[in-house]
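Consider the single chain below, provided in structure tokens and representing the form predicted alone.
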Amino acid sequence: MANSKYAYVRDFELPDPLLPGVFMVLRIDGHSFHRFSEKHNFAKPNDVRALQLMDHAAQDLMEEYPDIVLAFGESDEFSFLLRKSTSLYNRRQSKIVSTLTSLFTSSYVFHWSLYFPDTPLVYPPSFDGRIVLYPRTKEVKDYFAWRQADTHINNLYNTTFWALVQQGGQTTTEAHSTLRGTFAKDKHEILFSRFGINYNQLDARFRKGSVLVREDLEEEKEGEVTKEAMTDEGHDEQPNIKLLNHGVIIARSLKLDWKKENTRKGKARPPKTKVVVLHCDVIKDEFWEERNGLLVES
């Protein structure tokens, strides 16, 4: 078939490799999620279920692709940082964007009922993806600082807007008019003086977004049976049960005799890691100093 007279059509497929030796950030955005959130009655200004579902989809993506070392999410978007040296899909842009965006979308739909058990999907959600390349660590840090600053700006506005509507009795048009031309300090004052809301005490998830990183797991003692490695005598492979921070259980296969066999072969066992969700500051240097391995050049 490869040498058939029709094979020439492959010559029209142009290569799309990404520049080597630079950081890669994949940003995935919900398509028309304003309409999607209305159709599915998302709580305003923030729906914890929807945010947790986004986190879950992002965790699935990081579990599947170890070259993703960091993710940041807010509202209906997530950004993923791939290590500078990644050779994932030979750095083919279309392959990376289409495959990772597809998996994220599939996970979102697959786990929908866990977070919205009483709300069936009216129509399937969709996400778009794009890749941006950054040559230095400075641009990478500034990118994630930009996304977190955007989280704060949008959430402060939305929190004040919906307080005016839900508690202040204003129409949406009146609320937009009230907030037109206001600064952050003005919105803080409206929330506190009119509604007794201290914005800085609201859930950090809403104010700072979700930060996903990998953390090392403590090594299990030899022969110890835990809920993460349950075995039956005579079986060398059983499911490894992992309880994620939002209460979702994922089962993955675990070779229980891995250590013994690979020690005999002289192979070092790689450290076990888990993907965790944090709601912390990524703008200040402390985050990056505590995790200096995120931006290694190799």
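Not measured: the values here are computed from a predicted model. From 1 onward, residues are counted along the sequence shown.
Same protein, other form: the form predicted in complex with a further copy of the same chain, not shown, and the subject of what follows.
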property: The single option of V97, I197, A175, V213 touching a further copy of the same chain in the predicted bound form, heavy atom within 4.5 Å; result: V97
property: In the predicted bound form, the residue from A204, L114, A149, L217 that sits within 4.5 Å of a further copy of the same chain by heavy atoms; result: A149
property: Listed range touching a further copy of the same chain, judged in the predicted bound form by heavy atoms within 4.5 Å, from 188-196, 157-165, 123-131, 205-213; result: 123-131
property: V276: touches a further copy of the same chain in the predicted bound form, heavy atom cutoff 4.5 angstroms; result: no
property: Interface membership of F42, a further copy of the same chain in the predicted bound form, 4.5 Å heavy atom rule; result: no
property: 4.5 angstroms heavy atom contact with a further copy of the same chain in the predicted bound form for R83; result: no
property: 4.5 angstroms heavy atom contact with a further copy of the same chain in the predicted bound form for C280; result: no
property: Contact set, 35-69 vs a further copy of the same chain in the predicted bound form - heavy atom within 4.5 angstroms; result: R35, K39, D60, Y65
